[in-house]
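The chain below stands alone, shown as structure tokens; this is the form predicted alone.
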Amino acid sequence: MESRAYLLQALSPLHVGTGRSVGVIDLPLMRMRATGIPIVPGSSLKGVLRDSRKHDSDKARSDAIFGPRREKPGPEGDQPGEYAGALVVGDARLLALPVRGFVGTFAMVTSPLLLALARRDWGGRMGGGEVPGPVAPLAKYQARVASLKNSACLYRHDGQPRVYLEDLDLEVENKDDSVLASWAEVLGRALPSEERDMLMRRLVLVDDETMSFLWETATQVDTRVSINPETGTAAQGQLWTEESLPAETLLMGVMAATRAWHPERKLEAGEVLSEALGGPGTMLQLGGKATVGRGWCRLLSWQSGGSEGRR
């Protein structure tokens, strides 16, 4: 089996939710159960990838990658001679969250935990070189940047660099973080060339506790209402709130593949992954609220840099 890490870059607010909730927000985001980290489930991404190929003339190739389409769901749809799809799509987990800042408009905020999980997804290896190492732990309410000189998010007060994220005032360690710079450089390779310095200038590392506070409170929450077609005014009882990941959010996941099991279409694992990931910056629409512009994402990978691993 071969695997390849991928990035999802939100280009508009992204709502992949769990349905109605009894909490403060009516339609919250889907999150990991134990950690609360926002995710996009692999099943959603796989369905969107398959749907994007519904007009392909080569149906056998699509079936070899995603598996045969079933006419009936559940056990009733079992057919003799069926075969498994070759593609495995893992969940995309939050990697860096754009947070409004007092200086530099916004920062891309991450934490040691999120980078450690990303490193694990990569399997510790990236073809052609090692994945950047784990970042050093941070004291509570401290932050670090890749380069004090080049960061767009710093404010100096009495010589002490600080970052202001929403209403948080965080002291920045007065030194460059070379490991964080390596992460910014490696992640930036997946982005379009004109955006590659964004992470080097805006990536801010905060402690895990601060990060968990931000992914709970710095997401986008919109209040929406239905209009009564009879009166043209707000419909009674039709006011709700929905939560989205803001545009520019980065999520990371892993796709894996075996050789295709299709009896007529023989594809190697690398071909399956390349077909699934598409060309550089494949555009997808994920999650709900598509008709109001939500969910536009760019699917990115490190194909040119050789990010494949074998497991």
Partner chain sequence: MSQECFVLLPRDGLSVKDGRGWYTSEVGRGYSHPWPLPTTVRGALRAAWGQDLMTTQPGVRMTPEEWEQRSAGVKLTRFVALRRSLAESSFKQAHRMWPFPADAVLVGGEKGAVGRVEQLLPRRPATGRAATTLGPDEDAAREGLWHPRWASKGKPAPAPRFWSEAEMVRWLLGHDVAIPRELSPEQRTDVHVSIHPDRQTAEDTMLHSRQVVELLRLEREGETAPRAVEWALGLCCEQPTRDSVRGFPSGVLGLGGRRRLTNVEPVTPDLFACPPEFQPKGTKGLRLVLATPASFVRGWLPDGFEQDGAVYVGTLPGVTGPVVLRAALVPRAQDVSAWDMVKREPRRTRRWVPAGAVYFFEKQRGEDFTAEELRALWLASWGGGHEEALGQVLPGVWTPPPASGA
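Residue numbers count along the first chain shown, from 1. Just so you know, these numbers come straight off a predicted model, no measurement behind them.
Another form exists, predicted together with the partner chain; not displayed. Remarks below refer to it.
Only one of the listed residues (Leu203, Leu95, Leu87, Val172) places a non-hydrogen atom within 4.5 angstroms of the partner chain in the model of the complex, and that residue is Leu87.
Contact between Trp183 and the partner chain in the model of the complex is not found at the 4.5 Å heavy atom cutoff.
Under a 4.5 angstroms non-hydrogen atom cutoff, the partner chain in the model of the complex lacks Asp58 among its neighbouring residues. Looking at Asp51, you'd find a heavy atom of it within 4.5 angstroms of the partner chain in the model of the complex. Taking non-hydrogen atoms only, Lys140 approaches the partner chain to within 4.5 angstroms in the model of the complex. Residues Arg20, Met30, Arg31, Met32, Arg33, Ala34, Thr35, Ile39, Ser43 of 19 to 46 are found to place at least one heavy atom within 4.5 Å of the partner chain in the model of the complex.
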